[in-house]
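Heads up, the chain below is alone and in the form predicted on its own; it's given as structure tokens.
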Amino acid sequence: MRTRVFLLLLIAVAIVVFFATRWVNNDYVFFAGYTVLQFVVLSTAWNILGGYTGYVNFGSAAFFALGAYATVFLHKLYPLPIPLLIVVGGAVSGIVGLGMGYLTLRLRGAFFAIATLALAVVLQTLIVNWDYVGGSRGAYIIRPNEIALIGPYIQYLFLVMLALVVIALTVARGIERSRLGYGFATIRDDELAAEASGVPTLRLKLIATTLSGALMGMAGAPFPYYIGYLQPSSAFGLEYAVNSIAMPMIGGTTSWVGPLIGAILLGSLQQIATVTISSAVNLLIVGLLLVAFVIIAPNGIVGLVQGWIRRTK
């Protein structure tokens, strides 16, 4: 399937999802759905670097928070429409991703993962001490109650996040079936052999960190309008780093569909647990499922299904 056809199909599915959700006529479905869609974008973004390229990133929350705080900064300076804020948030996080790549991509394995975690800690410390964006006190973002032609503002945010999901999945699938994706795969399989064969590994890794960071920043840009009050502990929350890693691993890291399946499964379970039990058990659910899948299906749900199909032929 060509990328253009795939994009049109995704847009059609997004339209059906939006109007089906409106038909339910319950604002909580939009609140919960926004969170699930947000994790679809984050897990897809993480998978570009962690799954396709094989470089595990523990700093997902940092890129997400950069997008969110870029929105806070511009909201105080001069409020812009959310689509423009998403572009700015993606640009800021993409540039930081490029810089992180230059500083850390000569590291490999656990050393790279620890370096990305350190980046998150450094950025959180800077935000906590930056009074203009609220510092440790946090910042309020007053959003309108409704928006013309759509209705309640949460429905508009849901629609925006649906559009981001379409963009993220289209980018991920386009990479997977391109020369760029094959280059990422050579790095994941054997980076030394790829370098010996003439593959520009550093350039490809910089592209991966930039794309991954930009998509995470785009996911974070609408977040202040969703939450209403942004503070460092919510923007740099552990759940973003953990879910961004767990969802692709449970769904499968070698295909664009894996993060989508993992995010929908884990995100939905966490929203159900939040309503029926408590949000405090969300990370427990993620941890238990991650351990179970590492033991039962180390290649994720996609790998499990592919293995079952091969055995039945």
Partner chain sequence: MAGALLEVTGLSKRFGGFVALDGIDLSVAAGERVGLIGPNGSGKSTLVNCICGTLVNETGSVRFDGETVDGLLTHERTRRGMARSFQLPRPFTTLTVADNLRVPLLYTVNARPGRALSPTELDARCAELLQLVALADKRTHLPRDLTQVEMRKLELARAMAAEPKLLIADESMAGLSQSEVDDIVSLLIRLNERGITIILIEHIMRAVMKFSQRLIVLVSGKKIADGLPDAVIRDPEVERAYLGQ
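Here the structure is a predicted model, which is why all the values come from computation and not from measurement. Numbering follows the first chain given and starts at 1. Between two forms, the rigid core is defined as the largest C-alpha subset superposing within 1.5 Å.
Just so you know, the form predicted in complex with its partner chain exists too; it's not on screen, but the next bit is about it.
Remark: of stretches 81-89, 143-151, 196-204, 219-227, the one touching its partner chain in the predicted complex is 196-204 (heavy atom within 4.5 Å). In the predicted complex, Arg137 stays away from its partner chain, with no heavy atom inside 4.5 Å. With a 4.5 Å cutoff on heavy atoms, Ala185 counts as touching its partner chain in the predicted complex.
Proximity of Ile167 to its partner chain in the predicted complex falls outside the 4.5 Å heavy atom cutoff. In the predicted complex, its partner chain lies farther than 4.5 Å from every heavy atom of Val171. The contact with its partner chain in the predicted complex, taken as any heavy atom within 4.5 Å, belongs to Leu180 out of Val133, Val160, Leu98, Leu180. After superposing the rigid core, the Cα of Arg106 is displaced by 2 Å or more between the shown form and the other one.
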